Ligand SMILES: Cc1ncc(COP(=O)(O)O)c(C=O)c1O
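Only one chain comes next, encoded as structure tokens, the form predicted alone.
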Amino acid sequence: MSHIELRCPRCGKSRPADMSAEVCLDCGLPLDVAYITHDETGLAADVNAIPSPIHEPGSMVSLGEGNTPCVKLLTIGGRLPLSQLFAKLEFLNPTGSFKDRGTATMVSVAREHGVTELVEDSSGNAGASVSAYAARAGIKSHIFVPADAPEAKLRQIRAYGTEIHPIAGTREAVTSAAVAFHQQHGLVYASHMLSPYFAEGTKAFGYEVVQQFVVQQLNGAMPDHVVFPVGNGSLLIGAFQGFRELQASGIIDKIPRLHAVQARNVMPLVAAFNNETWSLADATKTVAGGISVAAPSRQWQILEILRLTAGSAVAVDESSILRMQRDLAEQEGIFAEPTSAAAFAGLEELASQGVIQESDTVLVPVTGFGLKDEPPR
């Protein structure tokens, strides 16, 4: 008997776990992993023992992902001003982005289910991650990408021996092409946007934050705020799930306030959260390609998490993203891709609004490495 099932985060209906990317038939939402052999308070008894959907340890596919460092940002923190500003360097994961956390779990479950060929669509980082982990697992991968994706990201995806499918048009057109291909050829659609296993893999971020800030006493207490760049929201969702499990087990008292940052050119979540007018027709190209998602599949879930944690959602313009990317490199020695820099631009906005106070402890994940998406010169 499996120790997991797939459950709708909205209506709570569940079904047996499999590799289907099928959404809840009642709500239309992507499903989450639910553990059926534990009650909620017994799930995370140890901050070092992260519950996993993997049944056989031998099925696990890993490249050493996770355990990324947190560093204090003195220069940018002093300028904002925020006296306790930390960055978690997620770009030090094996393929250069946080996506490796989710991919490791998703591909491990795929291997456990005997999958030999899969399909994914990605603006870059997830495609590189899935390509690498699929190669490690001996699984053939087809990655559908925007034809205008950064060349550095496309080169990385090709390096892992995947079959790459460039698609002209919008990010949504890329997804449609991938879905059509998986249906036509009867292949597993290993979508980082829909897969419950991908979102489940990213919750290790939350466990590590607790380990670093509480157990190792990086700052003596949990962060008051965590600020994320958000497109499909898998890292924010995973972090929340991890924090919630640890809170239910009594390991932490409260969950940090979680905030979402988007580019003003593509801001569906910000508009929905703040009751602003925005539509697909308003989307334009942004330098923050990793969060250029005009119709997030998990939008309801992301908005619910922001409300539950008393978080907020802000949009930032292109010039502030590029300025913050430059400042992170020149003032802190952190070369972040524009998507990651967007979170810091959003943090600046939240500080100026008074949402975040000078004495608050703040954590921002640097989700991707700058060499993947270099700034224009």
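Since we're looking at a predicted model, the values are computed, not measured. The first residue of the shown sequence is 1; numbering continues from there.
Absent from the display: the form predicted in complex with the named molecule. The rest refers to it.
- Segments offered: 73-81, 94-102, 178-186, 158-166. Contacting the named molecule in the predicted bound form at heavy atom distances within 4.5 Å is 94-102.
- The named molecule is not drawn, but in the predicted bound form it has a heavy atom within 4.5 Å of Ile291.
- The named molecule is not drawn, but in the predicted bound form it has no heavy atom within 4.5 Å of Asn265.
- In the predicted bound form, at least one heavy atom of Ser123 sits within 4.5 Å of a heavy atom of the named molecule.
- In the predicted bound form, the named molecule sits beyond 4.5 Å of every heavy atom of Gln325.
- Taken together, the three residues Gly233, Thr339 and Thr367 all lie with some non-hydrogen atom within 4.5 angstroms of the named molecule in the predicted bound form.
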